[in-house]
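Only one chain is shown below, in structure tokens, and it's the form predicted on its own.
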């Protein structure tokens, strides 16, 4: 029997050192990497179940609302988490965090002049079902300027974290929105030299899943390995 193994193509991943993305200059390794063996805690948990989540964890419109509903465009984001052979990744914890409709994060170090929405927390989580399907409601995040170059702006995006059966299996990526002209201008996106890889980060408008007179919907599938793998941020730099 042949062993199912698909080697990752690292040519599509951005380099650790990308001067156009100024933060990478200090974050990129300066010395040769050393392989360290995972500790027991990194390979044996945690395991998440439905009892660990609250009913509103996947509803960012309601899970922080206090005196009213958050301001902004209501959207649905949904899709499947699969492996490189199309098999569903069930019971995968999907965590998301994002800026509000004005482009500001609920974080003490975010000093952007856009106001903080008192009814929007900007984070949520959901477990995939037996088919690897996930679903959450939120407010479409706004773009925002950032201190890279003088006129650089981040496109609207949502951060995703996927947790497998242990801490060592956590993967992180960002989702962008179809048709956003800021995507091709973003210095972070431009570190990726493969158009196919960039397309794996862009959610497509899905009118079939929209809620009439309420919410547009975007489809964002995540593939963990194989030729159609989603580009994740925390791959091992310099791996072969």
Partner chain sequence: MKDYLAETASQTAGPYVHIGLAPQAAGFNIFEKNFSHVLTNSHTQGERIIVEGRVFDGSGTPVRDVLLEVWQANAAGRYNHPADQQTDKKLDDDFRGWGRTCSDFDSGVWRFDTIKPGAVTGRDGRMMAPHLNLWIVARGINIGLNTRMYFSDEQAANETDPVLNLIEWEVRRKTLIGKREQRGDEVVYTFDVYLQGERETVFFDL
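Residue numbers count along the first chain shown, from 1. We call the rigid core the largest set of C-alpha positions that still match within 1.5 Å between the two forms. Since this is a predicted model, take the numbers as computed values, not measurements.
Heads up, the form predicted in complex with its partner chain isn't pictured, but that's what we're talking about next.
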{"query": "The unique member of 69, 47, 210, 205 whose heavy atoms fall within 4.5 Å of its partner chain in the model of the complex", "finding": "47"}
{"query": "Exercise: residue 124 in contact with its partner chain in the model of the complex, heavy atom 4.5 Å", "finding": "yes"}
{"query": "Distance check, residue 73 to its partner chain in the model of the complex, heavy atom within 4.5 Å", "finding": "no"}
{"query": "Contact of residue 140 with its partner chain in the model of the complex (heavy atom, 4.5 Å)", "finding": "no"}
{"query": "Residue 84, heavy atom within 4.5 angstroms of its partner chain in the model of the complex", "finding": "yes"}
{"query": "4.5 Å heavy atom contact with its partner chain in the model of the complex for all of 77, 92 and 131", "finding": "no"}
{"query": "Residues of 158 to 173 having any heavy atom within 4.5 Å of its partner chain in the model of the complex, listed in sequence order", "finding": "159, 161, 165, 167, 168, 170, 171, 172, 173"}
{"query": "CA of residue 43, rigid core aligned, shift of 2 Å or more between the shown form and the other one", "finding": "yes"}
{"query": "Core-aligned C-alpha movement of residue 208 between the shown form and the other one reaching 2 Å", "finding": "no"}
{"query": "Residue 30: Cα shift of 2 Å or greater between the shown form and the other one (core-aligned)", "finding": "yes"}
{"query": "Cα distance between residue 39 and residue 97, which in the model of the complex differs by 3 Å or more from this form, closer or farther", "finding": "farther"}
